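One chain is shown next in structure tokens, namely the form predicted alone.
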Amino acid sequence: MQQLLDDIAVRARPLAVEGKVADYIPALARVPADRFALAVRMADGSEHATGDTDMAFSIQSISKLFTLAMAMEWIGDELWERVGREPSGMRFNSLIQLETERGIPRNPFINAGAIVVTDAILARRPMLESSFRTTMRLLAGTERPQYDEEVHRSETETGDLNRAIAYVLKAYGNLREDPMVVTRAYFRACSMAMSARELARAATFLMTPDHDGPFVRGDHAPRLRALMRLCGLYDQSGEFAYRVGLPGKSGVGGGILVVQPGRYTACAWSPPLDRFGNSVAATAALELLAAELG
């Protein structure tokens, strides 16, 4: 396995030159473009890794997977009265689609959907910031996961479009809390910093429906995987499903998290992104991994 991961890194890492780091968030623009990590956690608990796998990075929209899991656990089916479960087909921060569909986001992984999920959680758990950090530490099995204050400041300073999305949601009656409070909590979750190894470990609950950890009541795990497959990589989800074939969730920090039910979870990280906001080298690495492991 170690030789396999090292070989994948040699083949995938150079492709990063085809991408561009997320420079619209100043803190992310300063992350070295040559960083690369690939970590795999098997169903038996063994872990394998190559590259910068213990270096923490901003998980960004990968956080949406975990906040959605929290909402499904704490809120239940009423969440789906406020957000859909269909691919968006448009940019992850589109205002046009949100207005056209009168304030009901297409899915919980685009920004509008994640803001609604954050709003729904805040109504039940106002201390979301501490709850989310505690949850990620529990899932990762370490106290290392922490908010990146520099990233949080950058997102707060440059997040006008997300605040606009929140106010559109409010105008259509699909936001219950103060839009400024909700977006602050949303930015906070996106600024969580974790390593590829920690993220692969944190997603273990998605591997099997009977894993004895958080977020597994009933049929949450298979439904989360279904949403990952349909919507996890923005409007490039279909292409990722075709190339990689695994449920995944990406973030503009350069990370992509995938799960093969019953077998393994994996996280690849490389900061340069394609025009859809997904890591070029991480996508290639996971495509190679899936091809080798089946």
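Sequential numbering from 1, following the sequence displayed. Note that the coordinates shown come from a computational prediction; the quantities given were computed from them, not determined experimentally.
The same protein has a further form, the form predicted in complex with ligand GLN, not shown here; the description that follows concerns it.
> Does ligand GLN get within 4.5 angstroms of any non-hydrogen atom of Y234 in the predicted complex?
Yes - in the predicted complex, heavy atoms of Y234 and ligand GLN come within 4.5 Å of each other.
> With a cut-off of 4.5 Å between heavy atoms, is A284 one of the residues that contacts ligand GLN in the predicted complex?
Flag for A284 set to no.
> Closest heavy atom of T67 to ligand GLN in the predicted complex, within 4.5 Å or not?
Residue-level check for T67: no, no contact with ligand GLN.
> Quick one: is F205 in contact with ligand GLN in the predicted complex, heavy atoms, 4.5 Å cut-off?
No, F205 is distant from the partner.
> Select from the listed residues D148, D119, E155, E198 the one whose heavy atoms reach within 4.5 Å of ligand GLN in the predicted complex.
After the contact test, the surviving option is E155.
> Considering ligand GLN in the predicted complex, which of L246, V40, V252, L227 comes within 4.5 Å of it through any heavy atom?
The residue in contact is V252.
> Please pick out the stretch from 53 to 61, 237 to 245, 258 to 266, 40 to 48 that is in contact with ligand GLN in the predicted complex, where contact means heavy atoms within 4.5 Å.
Contact criterion met by 53 to 61 only.
> Any residue of 173 to 189 with a heavy atom within 4.5 Å of ligand GLN in the predicted complex counts; write them all down in order.
Just Y186.
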